[in-house]
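Included below are structure tokens for two forms of one protein chain, each presented in isolation as structure 1 and structure 2.
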Structure 1
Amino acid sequence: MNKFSIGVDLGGTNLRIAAVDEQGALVEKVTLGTKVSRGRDHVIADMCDAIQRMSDKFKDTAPMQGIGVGVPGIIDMQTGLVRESPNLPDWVDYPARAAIEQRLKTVVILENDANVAALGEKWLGAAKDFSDMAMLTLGTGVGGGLVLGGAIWRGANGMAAEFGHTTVEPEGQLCGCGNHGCLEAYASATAIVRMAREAIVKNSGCALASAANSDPEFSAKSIYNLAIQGDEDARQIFRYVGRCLGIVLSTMVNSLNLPIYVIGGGVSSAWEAFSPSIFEELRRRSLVYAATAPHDDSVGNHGASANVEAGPGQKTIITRALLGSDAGLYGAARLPMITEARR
């Protein structure tokens, strides 16, 4: 390899560190548990030790370009402060960047995890031939990332791309953010389980009820399993997920007219169950999509996106993410390759 950089994906459960070379080849990856309960200093120490070991291991092989860290929270890019993080409760106004840099004695780049996942899919994944793209990450919540002109679009305060908090139903379900009817309240794993429990209350004899009773880890995945077995209640839930995603994607297409929108995160495994409703809504609600849709809506999903060139005849592609949970790791490693060093 010519050069490499180190990417860190700091999640509420797993802490993953990888060395990635300039061409995007994964040189080495380690996965540790994030020991949230031991406090932030402990998490930072674990992370820095692992980074140091990896950096030492390759330092005689090739020059290191830098270190990028994806953090699940709101980050003040100027100061390197993590303002808040739902999965890291004690990271409130925490000078995480300074803490890491002090231990490693080198500069690091912090970035929001959803932005980093978008950057990963843009570099090596579903959007790799595009310089403008947006990503929705359907997990416990719904994260968003936006890349314009090849760079993460952070907005005036580093708070852009909160697509998960687009209002879908103005008087709908209360969201964690305080608003009613956010996309996150209908298209996250949490929302899918909630909608299943609502269906069980209405009909305690349904297959969802049996599954919930027999499965102590009743989850969005359990509900998807029922859907692929043909259970109508479970299928209905995923159709509703697709409808809400379709409404938000229509707004994104109408507003930004990007060539590609990527859907990732754990819930995207249920693509077959929810994506038909996405395309139905898009054709109903977006003249821009109707005018630019590929002949087969899901064409991007079969690797054809690379054949579509930018220009007046540019197609609008809505597709699944390709890198799975590694998107954030690749994106974090990409940060030092495209970011100018801080003075």
Structure 2
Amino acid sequence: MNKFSIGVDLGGTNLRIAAVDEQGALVEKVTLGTKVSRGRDHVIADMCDAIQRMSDKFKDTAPMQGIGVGVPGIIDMQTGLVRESPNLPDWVDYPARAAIEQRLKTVVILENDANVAALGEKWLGAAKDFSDMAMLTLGTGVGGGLVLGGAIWRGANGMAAEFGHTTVEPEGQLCGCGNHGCLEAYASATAIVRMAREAIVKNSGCALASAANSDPEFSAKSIYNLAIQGDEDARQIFRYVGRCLGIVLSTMVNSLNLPIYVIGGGVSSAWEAFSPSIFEELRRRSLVYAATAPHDDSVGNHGASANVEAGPGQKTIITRALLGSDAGLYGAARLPMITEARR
């Protein structure tokens, strides 16, 4: 076995940990529930216990390069403090890196979860042939990541690429960040369920209501299943998700003019339900996209390679992540490899 790193993707719902080797092969992966309600110390303890078990399992067969942890929220990269995390409410000015290192007795690299997802897609996924890219991650919340010149772009204070907190409805739904009308309030898994329950209040006899009553774990996936079966209420929710994503992507395309924008996270599994609305909004709102769009985006952009060939000049590619919800795991595991390579 080659050298390996351990990557951690800490979400508001799930905690996932993986061992990944230098070539990007996934050696082992475990998934746990994130027991946010029990407090940050409990979450850290669960994480460190799982990391230690995985490290012990492989330490005699291959050298470990390090541990990378993707955390949702704003991180002070110098101190390892999590300044704020809407989906981890008690992680305010929390010295997360120190807490993890104290338990594991080793150096840990902490990074924003959307940044590591972007790095994963740059390393092994949809953007592997590009040095510049942006990513939106649609999960419990909506995160964003930028990779410029092959490296994560954090901005002056480590807060760059918070695309999920771009306003799409100025007087809209209250977001966990305190603003009204953020993309996160309309394109996250949490938002999809909220919009479905709002539809149920208006029509208690709809298919969404039947699904909610029969499924104790009524989720964005349940709503997507109804959408692909043709339920108009569910389809309308995903059209609206796509519209909101298209508004934000239009601003990103106009501002950044990058070659590729990748959409990942668990909600990206519903790509066929929301992507047509993305491309409709992009063509309507972005002069840059209208001038550089691949010819076949009307059916949804499922892969980068086909679109690069569509006409002369650099095309603007909007595509679904190839690594799915594992992008953050690969990106987190990549962090120690990059650090070692720079020594």
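Rigid core (definition): largest C-alpha set, two forms, superposition within 1.5 Å. Because the structure is a prediction, the values reported are computed rather than measured. Throughout, residue numbering runs from 1 along the sequence of structure 1.
Participant: Does the form predicted in complex with another copy of the chain correspond to structure 1 or to structure 2?
Facilitator: Answer is structure 1, the other one does not fit.
Participant: Are M133 and S277 assigned to the same rigid part between structure 1 and structure 2?
Facilitator: Correct, same part.
Participant: How large is the turn of the smaller rigid part against the larger between structure 1 and structure 2? Whole degrees is fine.
Facilitator: Turning angle of the smaller piece versus the larger: 16 degrees.
Participant: After superposition on the rigid core, what is the displacement of the C-alpha atom of R38 between structure 1 and structure 2, in Å?
Facilitator: Its C-alpha position differs by 8.1 Å.
Participant: Core-aligned, what does the C-alpha of L26 shift between structure 1 and structure 2, expressed in angstrom?
Facilitator: A shift of 3.6 Å at the C-alpha.
Participant: Once the two forms are fitted on their rigid core, how many angstrom does the CA of M64 move between structure 1 and structure 2?
Facilitator: Taking the core as reference, the C-alpha of M64 is shifted 5.7 Å.
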